[in-house]
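The chain below stands alone and is given in structure tokens; this is the form predicted alone.
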């Protein structure tokens, strides 16, 4: 059995792979933060049907949701640098590849968050926006102070699932040269020929990360529910 699967090697390799977890976590956090901003803006433009911009948003959502993430990753990380060179920017190598990953991950995540936030905003009683206008608040102030806080509370479960989806999506970034956990496992496997042990380690790490997110989502949702009960 040891010739096919080495528990000792799996245990020894685990800390090395775990040391690259920061890349996965950073990409996930950056993508979610910028994705929330993009998603809220797109949701607002769609709800209020802003001329021209609403159509642009629909095109953006259709493209992101209708194409595989790996294709989007290649378009931005390989195609965008080529386009910039064609436009006259020659010092492409000075731009860290991780920045292109941040860009496409944020754009991709933002499309899904936009639909989550749109449905959550629409679930908030419209009378609250009207009441805010009646006391002199602008639409922007009403959204920031009243609508969005309630929408985020409603969206907690869906946003938690989105974070998990984004986290798992980071497993593809090794395809564009970013050294993350999966890329490190691939490199180590090419020398040790122990790919199975390494991929089991990777699976364990992802399961643990997703479990932490699920627990955090549960507590946030529970806290939000308790807050509503106390307020009522």
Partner chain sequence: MNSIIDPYFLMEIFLKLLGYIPMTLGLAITSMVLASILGLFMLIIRMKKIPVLSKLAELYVLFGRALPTMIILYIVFFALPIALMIFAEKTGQKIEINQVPAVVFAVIGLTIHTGAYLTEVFRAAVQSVDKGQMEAAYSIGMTWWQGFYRIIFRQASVFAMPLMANQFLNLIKSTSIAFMITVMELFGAANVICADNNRYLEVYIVVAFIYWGMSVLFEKLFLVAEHKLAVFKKGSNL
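Just so you know, these numbers come straight off a predicted model, no measurement behind them. Residue numbers count along the first chain shown, from 1.
Missing here is the form predicted in complex with the partner chain; even so, the following discussion is about that form.
Novice: Is residue 44 one of the residues lying within 4.5 Å of the partner chain in the predicted complex, judged by heavy atom distances?
Specialist: Result no; residue 44 lies far from the partner chain in the predicted complex.
Novice: Under a 4.5 Å heavy atom criterion, is residue 94 part of the interface with the partner chain in the predicted complex?
Specialist: The answer is no: residue 94 has no heavy atom within 4.5 Å of the partner chain.
Novice: In the predicted complex, is there a heavy atom of the partner chain that lies within 4.5 Å of any heavy atom of residue 31, even though the partner is absent here?
Specialist: Because no heavy atom of residue 31 falls inside 4.5 Å of the partner chain in the predicted complex, the answer is no.
Novice: Under a 4.5 Å heavy atom criterion, is residue 89 part of the interface with the partner chain in the predicted complex?
Specialist: Flag for residue 89 set to no.
Novice: Going by heavy atom distances of 4.5 angstroms or less, which of 122, 103, 158, 83 would be at the interface with the partner chain in the predicted complex?
Specialist: None of the other options qualify; the answer is 83.
Novice: Along 46-68, which positions have a non-hydrogen atom within 4.5 Å of the partner chain in the predicted complex?
Specialist: Sequence-ordered list: 59, 62, 63, 65, 66, 67, 68.
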